[in-house]
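What follows are structure tokens for two forms of the same protein chain, given separately as structure 1 and structure 2.
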Structure 1
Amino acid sequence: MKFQIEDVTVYFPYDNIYPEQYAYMVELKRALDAKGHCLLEMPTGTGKTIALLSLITSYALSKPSNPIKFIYCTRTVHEMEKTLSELKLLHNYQLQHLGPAAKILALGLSSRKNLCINPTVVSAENRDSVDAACRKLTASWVRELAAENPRIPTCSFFENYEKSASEAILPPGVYTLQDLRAYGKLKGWCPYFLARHMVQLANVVVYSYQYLLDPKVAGIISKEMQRESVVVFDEAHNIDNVCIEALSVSVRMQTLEGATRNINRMSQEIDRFKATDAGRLRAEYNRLVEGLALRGDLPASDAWLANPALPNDILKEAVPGNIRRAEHFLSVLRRLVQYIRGRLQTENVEKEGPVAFVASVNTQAGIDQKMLRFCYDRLHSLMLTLEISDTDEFLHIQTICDFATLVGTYTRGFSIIIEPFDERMPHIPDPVLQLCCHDASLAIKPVFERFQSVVITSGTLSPIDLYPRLLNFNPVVSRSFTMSLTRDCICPMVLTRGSDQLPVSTKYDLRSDPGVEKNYGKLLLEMVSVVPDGIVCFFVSYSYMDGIVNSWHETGLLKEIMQHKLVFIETQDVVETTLALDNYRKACDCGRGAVFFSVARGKVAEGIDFDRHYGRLVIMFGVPFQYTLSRILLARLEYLRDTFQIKEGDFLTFDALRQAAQCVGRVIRSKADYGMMIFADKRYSRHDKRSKLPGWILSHLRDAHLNLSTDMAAHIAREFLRKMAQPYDKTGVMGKKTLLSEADLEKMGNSNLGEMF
């Protein structure tokens, strides 16, 4: 269908549109017109992705004079592929209506591991090894040698791509990662470097958050993006954590041992060069005297990771004199590693700010702040000079230089925490030094400043007013949408007690109480006998899940549950979990029914959908608070309180409930779907906790369902399932329409639609 929103003709590839999709587009257009940032919470399963894609591409088509670029950030490769296939459908629809005028270039960009087509490279086991294997075949010095000696292996795909030079371009169209690999094989070009080159020219780019938020990657990939870009962070409820991880570094004893090996190897290389090619080291020294560490623009195949500090904080001046010579720089690194090793040999937990840490490094190791700031650039320059291509071997020294550069650059928003052992296993010494970033606004600030519109959207952004404070920005539009339904297909319940009327909770003093464990088991047993197909259970942590499943096994409850449905469990191993999920789906498909035990904040809670019969009920056992004794969390809470005036309790509750909402939101993936949600903990009945759930869940949570026992919940479940089994009208009657056609939109005009919400 095709309709107008003010001056923009929106092309939408389906015959009908949900009212909330339309309202979402209206708000999104307001933000784009104002050239400002926006926060939009849209219920899961209401077609958020296609609404975003339709509006922004149509907006770009309506303003051909100043074209905007559209950067869409997802969390996983699976989501990236899903987004690109939606875009393909939309693009075909626009081509039907507009012909060649609608042509765009859209592509996904991922790591070499997902794009490489060279069989020898892609067979390496992890991402870093694939990157290193690629550099061994494509680095400029390797190719120079290969030109003289044909026996030296190079990558034929990269060579062909380089030979084609300006002809190596992608014709307009929408390319998923699969399409890019196929096109690369067809032309004999390297898809990874082709995609890297085309990102600058594409109208739509879909890639991972890291490519914009992690300065090490963004410095290489996203440096050239134009200001007239619209950036969308989808499923962005955890965006503050992504920002913090991008600027945090942890150093263990293994890191220091690896770094020492790296320094020794570089030292041998320097001696070798002194004997064979002393001019190269002298040329590097002269270059450093003249200015910055890097020699102009590197070839794409040589570019390593960029500086870990944010672009505005990198000093634009020459490298300090005392680390210009390679051997002097190595002795500085040796002293730094020695100093950190000394700090790790502590019996007590230590916490200090970057300023105190830098002062201590200066007095004890004689390394000043300026030398620390230049560690990363100086290491990068040295590795290029020494022509080191197996970068995966040098990750340890890179971590040390990351740490040094960040600690030398930032004076606030960070803490250094040294822990001699993990508190949960105090008898095993495992010292770790962590540079923790507490301020999520640091990493995202350059994104807000550089691009004209940034859209942060997800199904769970409640309470929505906390995000502008955490990320320190002013949105021009901030809206939370509800779900328009013809039938109540969501049934949330709060279960506060078992059938023996004992309260249930995962509070620390109650969680290992045998009565609570038994009541949780009885609840699941009741539900497996009532609910057909798939049930998903979320626990607050792996350790709690292990404990409770063990106790159910001993009391024979697990055996009783297994008589009704098969049980599958998420573990910390990705392969095992994927296998368990596949078998869970098979069990649901063949009608045997299954239960999946999972963990809040785990992989399954974040990215796997349990739509249709794969998830008819989700049970959230407890409130998934973070481990509140974690030193890093306590330091962050203190920083949030002092800087942004966010109370500790408010932040912890907000964080726990966005995770809980994320878990239960897995069951509803479309309006034709239906599912129940049970929040099994007495704390959910408190208003201050409950009110932080998203509006679209709260609007279906009736007062009668706020304080249930197990048998009442089972009764409600039976009633609900009986009601859902009735046939229903998908479009709804006029006045409560949940599917709007083109004619409806014209009839209603903008004014009436505003009233619907």
Structure 2
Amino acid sequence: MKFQIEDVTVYFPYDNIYPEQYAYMVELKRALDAKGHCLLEMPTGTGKTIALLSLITSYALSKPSNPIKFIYCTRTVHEMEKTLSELKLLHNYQLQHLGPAAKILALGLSSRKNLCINPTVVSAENRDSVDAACRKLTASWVRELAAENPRIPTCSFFENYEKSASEAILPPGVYTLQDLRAYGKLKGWCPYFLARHMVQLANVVVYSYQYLLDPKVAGIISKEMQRESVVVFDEAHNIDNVCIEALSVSVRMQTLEGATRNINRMSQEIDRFKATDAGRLRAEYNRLVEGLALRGDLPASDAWLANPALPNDILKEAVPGNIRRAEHFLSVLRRLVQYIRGRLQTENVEKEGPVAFVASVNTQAGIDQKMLRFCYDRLHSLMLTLEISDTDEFLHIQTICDFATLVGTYTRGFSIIIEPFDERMPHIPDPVLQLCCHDASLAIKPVFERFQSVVITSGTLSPIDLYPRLLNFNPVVSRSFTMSLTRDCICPMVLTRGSDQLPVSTKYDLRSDPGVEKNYGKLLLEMVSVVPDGIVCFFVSYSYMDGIVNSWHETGLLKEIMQHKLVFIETQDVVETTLALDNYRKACDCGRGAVFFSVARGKVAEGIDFDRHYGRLVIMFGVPFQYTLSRILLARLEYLRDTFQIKEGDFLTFDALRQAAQCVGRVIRSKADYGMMIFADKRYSRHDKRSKLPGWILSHLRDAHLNLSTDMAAHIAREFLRKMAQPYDKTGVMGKKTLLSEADLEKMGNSNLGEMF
């Protein structure tokens, strides 16, 4: 369908639209008009992504003179694929109605690991080794050598790509990662470098958060994005955590040992160069005198992860004199590693701020703040000079330099915590030094400053006023939408008691109570016999899940559960979990039905949808609080209290409940879908906890469902499922429209829209 929002003609690839999608688009358009940032919460299952894509592309189409670029950030690669396939659908529709004028270039960008088509490179184990294997074939010095000596291997895809030079471009269209690989194979070009190049020209770029938030990556990938861009962070309820993680580093004993090895290797290389090619080192020295800004002139294939968060003006400064020479720099690194090693030998937990830490480095190791700050770039320059291509071997020294640069750059919002052993296993020494960032706004600040509009959106952003504070920005639009419902297609319940009427909880004192474990098991058993197709269970942690599944196994409950459905389980091994998920879907597809055990805050909870028959019921066993004994968390809570006056308890509850809401929200995808949510813990019945849930769940949570036991829950489930199986009128009942057609929209106009909500 096609409709007007003020001066923009919006192309929407379906015959009908939900009213909240329309309202969402209106708000979004106002934010774009105002060239400001916005914060929008809309429940899952209301087609947020397609509304976003369709409005922003239509907006860009309506202003051909001043084209805006659209940067869409997803949390994960599979969400990227999903987004791109929705965009494909939309693009086809726009092409049908507008013809060639609607042509755009949209593509997803990921690492070499996901894009490489060279079979020898891509077979490497992990991302870092793929990167290194690629560099071994494509680094400028390797190619120079190969030009003389044909026996040195190069990558034919990269060579072809380089040869075609300016002709190597992608024709307009929407490219998923798979499409990029297919196109690369067809043309014989390297898809990774092609995509990297095309990102500058594309109308729509879809990539992971980190390409904007992690300064190391953002520096090279997103450097040339124009200001007139719309940046969208979808599923952004965890954005503060991502920001914090982007600027945190941890150093262990293994890191230090590895770093020492790296330093030795580099010093050998320096000696070798001194003997054979002293000119190179001198040239580097001269380059460093002129400043780091030259780095941009390096060939594309050598491009490095850029400096972690150095402000631009520093980049123009020259590297301090005492680390310009390679040997001097290495000895600085040696001293730094030695210093950290000494700090790790502590008996007690230590915590200090960056300023104190830098001062102590200065007095004990003779390294001042400025030298620390330049470590990362200096290392990077040195490694290029030394022509090191197996970069995956050098991760340890990179970590150390990363740490040095961060600690030398920021004076507040960070703390350094040294723990001699893990709190839970005090008898095993495992010292770790952690630089943790507490201020989420530090990493996202450059994004807000650089781009015209930043849209932060998710299904769960409650309480919505907290996010601007955490991220320190001023949205022009901040709204939370409710779901207009044709029928009560979600059924949240709070289960406080088990089948024996005793309370259930994952609270510390009840956690390992066999009675609670049994009650949880009975609940699941009851539900597998009632609910068809898929059931998803979330637990509060891996160890809790392992424990309870084992105890169900021992008591025979698991066997009974398996009489009804197949059981799959998330593990910490991603490959295995992915295969388990794939099998889970197959089991649901073939009608056999299955149960998936997963962990709140885990990878599955973060990004996998259990819509339609893949999930008719979610059970959240317990309240997924963070591990509260963690020093990092305590330090962050302290920071939040001092800086934003947010109480610790409030933040912890907010955080736990947003995770719980996130978990249960994965069952609904559209209004034709339906699903039940069971919050199985007595603490959910308390108002202070419950009220932190997003409004669209709360509005369905009836008072009668606040204090249930297993048998009552099973009864409600039966009733609900039977009700959902009845035919219903999709367009809405009782005079309230829940599905709008083109004609409806025209009739309505923009004037009386406000009355609808």
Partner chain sequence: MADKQQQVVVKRARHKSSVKDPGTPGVLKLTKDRFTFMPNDPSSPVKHNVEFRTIKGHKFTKDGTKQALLNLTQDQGGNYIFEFENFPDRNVCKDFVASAIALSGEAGRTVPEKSAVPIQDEQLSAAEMERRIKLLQEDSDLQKLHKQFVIGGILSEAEFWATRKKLLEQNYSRRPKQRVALKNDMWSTKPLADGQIFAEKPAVRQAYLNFVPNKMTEKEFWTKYSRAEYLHSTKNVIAAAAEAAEDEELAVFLKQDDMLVNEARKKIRQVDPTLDMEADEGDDYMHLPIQDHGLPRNDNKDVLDSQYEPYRRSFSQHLNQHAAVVLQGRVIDVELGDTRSVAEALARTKHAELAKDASDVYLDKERLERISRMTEIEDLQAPRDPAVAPLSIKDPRDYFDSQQANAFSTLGDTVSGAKQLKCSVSTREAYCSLKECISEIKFQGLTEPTINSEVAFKVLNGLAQNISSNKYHLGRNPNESVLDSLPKITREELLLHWSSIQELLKHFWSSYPITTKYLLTKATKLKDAMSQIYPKLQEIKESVQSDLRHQVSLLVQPMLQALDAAFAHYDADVQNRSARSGERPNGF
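Here the structure is a predicted model, which means the values were calculated and not measured. Numbers given to residues start at 1 and step along the sequence of structure 1. Note that the rigid core is defined as the largest set of C-alphas that superpose within 1.5 Å between two forms.
Q: Do you reckon the form predicted on its own is 1 or 2?
A: The chain shown as structure 1 is the form predicted on its own.
Q: Core-aligned, does residue 435 move its Cα 2 Å or more between the two structures?
A: Moves: no, less than 2 Å.
Q: For residue 449, state whether the C-alpha moves by 2 Å or more between the two structures after rigid core superposition.
A: Comparing forms between the two structures, the residue 449 CA shifts below 2 Å.
Q: Following rigid core alignment, is the displacement of the residue 468 C-alpha between the two structures equal to or greater than 2 angstroms?
A: No; that C-alpha moves by less than 2 Å between the two structures.
Q: Aligning on the rigid core, what is the distance the CA of residue 593 moves between the two structures, in angstrom?
A: For residue 593, the C-alpha ends up 2.5 Å from its position in the other form.
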